[in-house]
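Let's start with one chain on its own, the form predicted alone, as structure tokens.
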């Protein structure tokens, strides 16, 4: 029996869970256009099936966080968990229409990259894992902030157009979305800072500190740190709110995607 399960698990491909997420998104969109509660339940079922296939794939393939494939698929997995949890907890909000396109986009980018394996051992491996994990957790915060920002801009546009509350996508109010963005950025910044510092420490351990700074991945991670730092400055020093912060968060997410797509020039166990 265990051999059959192993054989079955080995046959699960990226397309398996990508297709499940795609069907879930299509059903959620159908539910939005022609509301039927059963569609929402079926969509969550397909999303959960995709999540199960996703975790089996990750367990069967030891993808290092240093590889674009590993970091993209792990981030997509965490956002899928976020989608399922929020869809159940806040069933009225159209989470799938915002989260699943990001999940599918990350998976699509992962499919365009060649999977790689880590060759690091000993302390180099553990430093790399710490570095990658910290940056992955920061990436989750930036992604959640991006989702909140897109929702915020849509809600703001609806209010400016003076549309009825029951028209369009069901969303949180502006205050709730702004608070969601604030918490996500506050979560991201210390993790991103610790991830960068651990990356410097890893380079020092490897004896290559200061090398590879022209690599797109390193440049984009440093750029992401600067944008998130500016976001915190705008919010707590300038007291900027609303649209300006949302746009800056969207820029931060775009830089994050660039960082995830490119390979690291030297780190073999991390995510940056």
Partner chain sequence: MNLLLVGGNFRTMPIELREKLAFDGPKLPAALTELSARFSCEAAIVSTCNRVEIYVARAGAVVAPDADQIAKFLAEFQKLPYDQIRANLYALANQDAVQHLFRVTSSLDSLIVGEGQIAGQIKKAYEAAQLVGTSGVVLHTLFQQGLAVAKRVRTQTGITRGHVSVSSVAVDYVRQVHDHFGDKTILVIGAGKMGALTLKHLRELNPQHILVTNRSPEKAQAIARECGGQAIPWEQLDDALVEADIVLSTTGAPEPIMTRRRFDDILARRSRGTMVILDIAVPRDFDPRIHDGDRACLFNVDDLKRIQDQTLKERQQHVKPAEAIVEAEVKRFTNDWRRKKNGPIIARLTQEFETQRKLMLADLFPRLNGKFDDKDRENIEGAVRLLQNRLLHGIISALTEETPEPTQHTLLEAMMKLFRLER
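Positions refer to the first chain, counted from 1. Note that this is a predicted model, so its numbers are computed, not measured.
The discussion below concerns the form predicted in complex with the partner chain, not included here.
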{"property": "The partner chain in the model of the complex: contacting segment from 35-43, 22-30, 54-62, 222-230, heavy atom within 4.5 Å", "result": "35-43"}
{"property": "Partner proximity in the model of the complex: residue 129 to the partner chain, non-hydrogen atom cutoff 4.5 Å", "result": "no"}
{"property": "4.5 angstroms heavy atom contact with the partner chain in the model of the complex for residue 242", "result": "yes"}
{"property": "Close approach of residue 158 to the partner chain in the model of the complex, 4.5 Å, heavy atom", "result": "yes"}
{"property": "Non-hydrogen atom contact residue 176 with the partner chain in the model of the complex at 4.5 angstroms", "result": "yes"}
{"property": "Candidate from 197, 163, 111, 88 lying within 4.5 Å of the partner chain in the model of the complex - any heavy atom", "result": "163"}
